[in-house]
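Quick setup: one chain, the form predicted alone, written in structure tokens, and binding and motion questions come after.
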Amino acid sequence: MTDAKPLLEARQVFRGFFGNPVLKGVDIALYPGRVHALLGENGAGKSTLINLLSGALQPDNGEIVIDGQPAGRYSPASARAAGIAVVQQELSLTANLSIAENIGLGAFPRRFGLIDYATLHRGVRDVCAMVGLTEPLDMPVADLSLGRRQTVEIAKALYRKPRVLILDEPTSSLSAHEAGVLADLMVTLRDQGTALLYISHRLNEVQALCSHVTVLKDGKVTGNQSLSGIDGEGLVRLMVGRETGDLFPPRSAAQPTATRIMVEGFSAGAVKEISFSGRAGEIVGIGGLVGQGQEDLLLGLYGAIPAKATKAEISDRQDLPRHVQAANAAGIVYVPADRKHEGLVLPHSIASNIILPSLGRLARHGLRDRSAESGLIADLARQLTIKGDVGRPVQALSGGNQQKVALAKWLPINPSILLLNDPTRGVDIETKREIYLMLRNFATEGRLVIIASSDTPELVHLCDRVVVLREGRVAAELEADAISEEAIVGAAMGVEQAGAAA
């Protein structure tokens, strides 16, 4: 490594938006054969730096350097030509195109001016084998789960055989098995001389895969060093600039009370005739490998997809909600995993997003009550520490603050049941702490909180009870001291007596 030269660098780059400085003299150098971590809380400037390195943005000052030479008029096309590929956290796939078409998009082999699908499929098969993608190549991406779409995004980057690969939260939607395949692939690419930049809030992955780290805080580099000898707490201190204390709030000593949900013989999507219950005052986790029915369970309870049950009691009603409006009326709300496409209206303001579900409730004589709306918006923004002008587009917020808005918009209807799908996906540690505390408070107030999560430690340390699904059925139900990472993963993988693990 001592004789190697960086393949890609940012030298003293500055970048701001609307007069607000985001990056303030940042340096980073990516070397061949090294996995380099980029850490920082949401809003620290990571996404802006990635966009500069990939040519999507231009620096206000400073320069991007490729193979020791200034990039000059740098663009995504010139980045691709230089062998630089990015796997963005927010997917860039085209839903109505096939897996093969998405992977080869922009680099289609052609014959007589037309796409040569035979050649495309041959090249795509090799990449799909690398990432463990086994679905038919002509399957539309729209038919895939979020985790499998993430895998297609990774394959799309690898199809161009990059010299520099930037991975932004690549495992946020992947199962444990898929994340393991990616980890093995990263080691292979590293050993082949690829430079990798790895962005993740999962510090165990950073420690396992990366040898060097750059840490951003408030747009400045606060750490740039080897990871040798740094533990997880040390990484957190670099990110937040202080000791962090406990990430998860303590479980409530009070016993859960009235049953909020009880279903028997419940089926929805991939979920097959399960029995499930949840009580006021508890946080119930839904675990398992990606695509085992966790999302369908939430959507079925919410009335968003067809569901049936031999017996159902939900919010004092003796049947399942048949549509979303009925669920909301019964005090049931849902926060999706894909907040940008399903949970928020990105071009609209923070205020508009917060107030959207409550417009009818706040109206007076059929007209909007602007005064009541303003008061409610200000109260929720303060309660969830959403800072700054609420007239800004919600797309201008960091991922963590966007997630707060996705949660906040439901609070005015005073829900008794909250269904949350991966609520901290791609969220920094400090915002995770705020969300965890908020969810525990919801439960303490007598609500039922149900969380489907791909983050196993989240299930272990936050939830009062964890239900593990495998192939659409309940593989284990764990309580109190029986909840452990080993028990959850064992049940998800079909290991016998997994629930007995301590």
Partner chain sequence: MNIVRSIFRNPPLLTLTLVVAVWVIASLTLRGFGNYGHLRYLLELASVIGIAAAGQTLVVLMGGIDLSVGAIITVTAILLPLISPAWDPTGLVGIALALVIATCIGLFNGAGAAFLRVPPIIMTLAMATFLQGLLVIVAGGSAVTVSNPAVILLGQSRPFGIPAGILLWAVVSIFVLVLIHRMPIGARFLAIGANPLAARLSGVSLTRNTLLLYSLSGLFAGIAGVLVLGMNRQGYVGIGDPYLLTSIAAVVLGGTSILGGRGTYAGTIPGAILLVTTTALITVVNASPGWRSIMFGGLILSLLLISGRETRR
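Since this is a predicted model, take the numbers as computed values, not measurements. Residue numbers count along the first chain shown, from 1.
Separately, the form predicted in complex with the partner chain exists; it is not shown, and the next lines address it.
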When the contact criterion is heavy atoms within 4.5 Å, does Arg382 count as touching the partner chain in the predicted complex?
no
Although the partner chain is absent from this view, report whether Gly343 comes within 4.5 Å of it in the predicted complex, heavy atoms only.
yes
If you check in the predicted complex, is Arg317 within 4.5 Å of the partner chain, heavy atoms only?
no
Contact of Leu356 with the partner chain in the predicted complex (heavy atom, 4.5 Å):
yes
Of Gly265, Gly232, Gly180, Gly360, which residue is found within 4.5 angstroms of the partner chain in the predicted complex when only non-hydrogen atoms are counted?
Gly360
Can you work out which of Leu203, Val324, Met130, Ile429 has a heavy atom no more than 4.5 Å from the partner chain in the predicted complex?
Val324
For the interface check, one of 147-155, 207-215, 180-188, 408-416 should have non-hydrogen atoms within 4.5 Å of the partner chain in the predicted complex; which one?
408-416
Residues in 368-390 close to the partner chain in the predicted complex, defined by a heavy atom within 4.5 Å, in order:
Arg368, Arg370
